[in-house]
Structure formats: C-alpha cells, structure tokens
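First comes one chain, alone, set out as structure tokens in the form predicted on its own.
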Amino acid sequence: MSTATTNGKKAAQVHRPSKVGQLATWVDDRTGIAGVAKKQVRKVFPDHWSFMLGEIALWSFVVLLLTGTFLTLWFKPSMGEVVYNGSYDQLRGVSMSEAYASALHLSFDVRGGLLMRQIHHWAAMLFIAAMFVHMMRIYFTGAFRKPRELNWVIGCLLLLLGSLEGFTGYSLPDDLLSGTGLRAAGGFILAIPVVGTYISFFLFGGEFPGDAIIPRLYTAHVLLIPAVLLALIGLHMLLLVYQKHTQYAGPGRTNDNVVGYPMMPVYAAKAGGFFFIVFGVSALMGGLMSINPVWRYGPYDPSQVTAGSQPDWYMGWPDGALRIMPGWETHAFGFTLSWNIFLPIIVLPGLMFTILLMLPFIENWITGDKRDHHLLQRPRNAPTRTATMVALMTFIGLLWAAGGNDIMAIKFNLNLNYITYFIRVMVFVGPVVAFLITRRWCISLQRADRDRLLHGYESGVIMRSPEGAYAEKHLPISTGETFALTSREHDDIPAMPSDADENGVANHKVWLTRLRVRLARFWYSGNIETPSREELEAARHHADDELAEQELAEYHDSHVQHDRHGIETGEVGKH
C-alpha cells in the first residue's frame, strides 16, 4: 500500500508542469498566443541558396545594432574643441573636436574598441551590398509581382535609408576625410534653387561647418534612421510570412503551395547558424582588414581637403556623375544656377530611385497582368525585364567607375580627360548595347532550353552508324528538369483596341491603350514557346528510335571488331 502511494506521488510529480510551463499557460490564457505561435512555427519556407542573400542583409543589420550599441558607450558627439592627450603620439597636443578625440580614444585606449569600429564599418558595407544583390535577385526572378509590390517598395526604402545611415555614420568621427564629405554635402544642398540656403543653415546651424552638425547626425544615426529601418524590416518580414515565400518551379510546386522545411526546428536552426556565419565573417574582416583609419587623416580643417578623397562605394555613382558632368551654369537676375551640381547630385539620384521604385508598377501597366504570382521565373524567360535591369546596372556601373577616374588615371598612367570623355559617351551608349546583348542572350538561352527538351542532353559519346555517319549520343533529361523547363507562364498579349466600342462610342484614350499594347508586344516579343505535349512525346519516340539504332550500331561494331580479332588470332568460332 505504501509502495503504491509512493509511486502515485512520483507520477504526480512527473506530470506536474514546471514553472516555465505555468508561466506560458498563464500568458496563453490571457493572450491566446499559443494558437498563433503553433501555426507560425510550422510554417514552411522553401530552400534555395539565393534566398540567403536577404538573410545576409538581415543579420548584418543585427551585427550593426550590436556593435553600434558598444560604440555609443564611448563616442562623444560633440564639436567642442579639446586638446588631444591620448595614446597616439603623432596627434598628441593637437586641437580637435571631442568627436574626433573620442574616435581616437575608441581606437587606441578602449579594449576591443578598434575591432568593434571596424566590424561596425564592414557590417555596414555588407548590409548595403547584400540589399543591392538581394533586390537584383528579386527583380530578375519576378518576385516583385502581385501581390508583393508593397514589399518591393519597402525594399527600395530600406536601400535608401541604409545609404543615408551609412553617410551619417562615416561623417561622425569628424576627421579630415569625413569633413570633406560634409563639405561636399553642404555644397550639394546649396546648389538646390531657392531653398538650398535655408536647408543648409537649418542642418549646420548657420554657416558651414557650425557646431551642431555632428550632434544632429548622431541623433539621426543612432535613433531616427535605425528606428525607421527596424519598423520597415518588421513590416517586410510580416508581409513575407503573410503572403508566403516565393519558390522556384519544380515537381510538386504550384502557385497554391510551398515546398520546403518548417520554421521549427529546421529553418530556425539554419537561420541561427547563418547568423553566426555572417557575424564571424564580419569579425574576421574587422580583425584583419583595416578600414577608415581616422588617425591617418587628422582632425577636420575647413581649409584643407584630403588628397584622393572618395565616399564609400555605395555613394560612388553620384560622385561619378558629378565628375563627368560638364560645367553648366546659368546666371540670371544676380543668381547662379549650378546645373553641373544640381542635375547629377540632386535630380539624377532622385530620378533613379523613382525608376527603381516604380519598376513593378511600370511592368504591371505594360503587361496588364492581374494574376497572383508565387512561382519565380528564370531570368532568361523574361528577356526584356532582365535586359532592363542589366541596362540600369550598366549605367550605374559606369558612373561608379567615373567616381574613381583620378585613381584609374594614376594607377594605369592614363589621361584623366580621356577617361572623362569616354565615360560621358558610354553612359548613353553602354546601357543600350547592354540591353540589346542581354535580350538576345536570353532568347538564345530559351532556344537552347527548347532544344534540350526535344533532343535531350549531349552525353559526349560519339556514335557511328552502320552507314558510316558519326553523331553524338543524346540522352533524355530527368523528369524534374523537364518540369522546371516547361513550367512557364503563358504570355497574355492584349489585342489592339479599335477607335470605338461596340456601341459606336469613340474611345478618346485609344492612343494610350495602343501605346500600352505596343509596349506589351515588345515586352513579350522574342519569347520562345515551350514545346507542346505532342511535340515532347514525338521527340521522345524519335529519341527512342535513335537510341535503338545507336545500340544496334554499337552491337554491330562490337561484333565486327570481335570477328576481326578472331581472324587475326585464328580463334574464329571458339566463342
């Protein structure tokens, strides 16, 4: 009896919920979060290496938050003048701002300070680079189409805010290089007609450089922009979960399902491991690769400019546009309009960002496609879209190269003016050439896919027929590859509208509709239709017949060689 009682007590103790379980039950009774969490932890995510590009940006931002929190403990965002008496001998006794002195203190006197500074800077480079590449992957594969246009807009805003966050960050140390960048930014703002002077006085607290710009940049860098970035990233992830993740075409994958791994435990474990990889690579770069050595530049002096000064790479293309822009100015009524600054620095970045933002809506207007899309496209299957992005990339790449025209002239012993004139021409010619080449390339790849579907892949085996002809042996491709190559959406090309409707009422906007139809036809023109089921079956039967002939030829050749060997050795008939 006592034994049974004891066992009953032990059983009761085993099934009694723990303190954590009791707390979870208490929270769930009041919030009902368990049902939502259970559904989300089983949510399926597809598996493909290109989806990791967005995760690199996400985890780089986490690294930025962690290292930035460390740096804020010692950095002093003040332009008050002090005399440096720290560990760096070359600048000891030099007057400088408190911001620059605290940056030197972080670099030389705080344990791990220089490592954290460099990890922070490299993570910023990685963050913006990953967003660039991730957005290119989104556009090339058509992942921005309905219903994900809003997520594309959020991605564009994240890219813009990330660039502004980087600019405010590398301007904070108040060294000669960052001060030169602020001096340039002040000139850019002054080039804005009518309101430029007022904006400059508001930002700098008076005439440049003033004594307020560093504290204001610090507030924007550690509070305002990160808060907006966090909100946009959270909204981006919520939309991703709500709309479900896109996936590449393949067996069993449709617009109505997702094939992959659940959030818990597979995807969460992979994502956690990937975070440590991103953090480890950032730490390795911060420990081994020097970046932004502010002690080499010295404190900022408005009367000096750093030789060979250039912005960070993601701000290089507006700087390149500024360098190749002719010196156009207009003098009227005692005012000067500096078109050589206003157009490349103010107008061009705004125009390029607007084009990037509107790309999904422009394509949707041209094609008139109202369908939901959850399957990704291969870039070759959308040749005009792919060529459009390559043209934009070529334009930006040429401007980015122009941002280093002085470095190219020095390193390659070239004439600086010749480089400038060449890029002035190529920014108009290069994108057009890149568009035409890319579009033809994509169409050629479509033809190669069609040929692969109909005739199989080349095995590398050369066969000889009984008639003496030589041909390469083709083998049929796998079912999965066949599914992927044939999973293409139908091109819905609109018909040309008439001048009046069925009731005879004139269509006053017919010119706009006809323009849209012409653009849609050009957008879809060149697309190679995938083989029909009948063509595939006929090709398969033909391939089977050819394979039978090839096997017969192999059998015939082997017996001929065997007979020849028997005649030469006198062993005919032994086998």
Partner chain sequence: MTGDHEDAVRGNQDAVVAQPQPGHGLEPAGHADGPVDPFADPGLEEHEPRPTDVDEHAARRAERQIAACFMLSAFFVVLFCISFFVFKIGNNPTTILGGYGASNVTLGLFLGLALLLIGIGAIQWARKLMSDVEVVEMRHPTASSEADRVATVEALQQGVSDSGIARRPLIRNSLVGALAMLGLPVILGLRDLGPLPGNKLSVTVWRKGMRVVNDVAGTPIKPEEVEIGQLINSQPEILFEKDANGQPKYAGTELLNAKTKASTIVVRMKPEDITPTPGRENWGVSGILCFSKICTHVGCPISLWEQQTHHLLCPCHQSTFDLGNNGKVIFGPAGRPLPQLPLMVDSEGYLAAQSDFTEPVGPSFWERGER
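Numbering follows the first chain given and starts at 1. Note that the coordinates shown come from a computational prediction; the quantities given were computed from them, not determined experimentally.
Separately, the form predicted in complex with its partner chain exists; it is not shown, and the next lines address it.
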Query raised in the report: Pick from 467-475, 187-195, 425-433, 378-386: which stretch has non-hydrogen atoms within 4.5 Å of its partner chain in the predicted bound form?
Result: 187-195
Query raised in the report: Should the three residues Asp89, Val110 and Gly206 be counted as contacting its partner chain in the predicted bound form, with contact defined as a heavy atom within 4.5 Å for each?
Result: yes
Query raised in the report: Contact between Thr219 and its partner chain in the predicted bound form at 4.5 Å, heavy atoms?
Result: no
Query raised in the report: Does Phe167 reach its partner chain in the predicted bound form if we count a contact as any heavy atom within 4.5 Å?
Result: no
Query raised in the report: Though only this chain appears here, would Ser303 touch its partner chain in the predicted bound form if you measure heavy atom gaps against 4.5 Å?
Result: yes
Report task. Would you check, heavy atoms only and a 4.5 Å threshold, whether Tyr261 touches its partner chain in the predicted bound form? Result -> yes
Report task. Using heavy atoms only and a 4.5 Å cut-off, determine which of Ser459, Thr354, Ser444, Thr479 is in contact with its partner chain in the predicted bound form. Result -> Thr479
Report task. With its partner chain left out of view, choose which of Gly368, Pro147, Gly350, Gly234 has a non-hydrogen atom within 4.5 angstroms of it in the predicted bound form. Result -> Pro147
**Report entry** Partner contacts in the predicted bound form for 223-248 (non-hydrogen atom within 4.5 angstroms of its partner chain)
**Finding:** Tyr242, Gln243, Lys244, His245, Thr246, Gln247
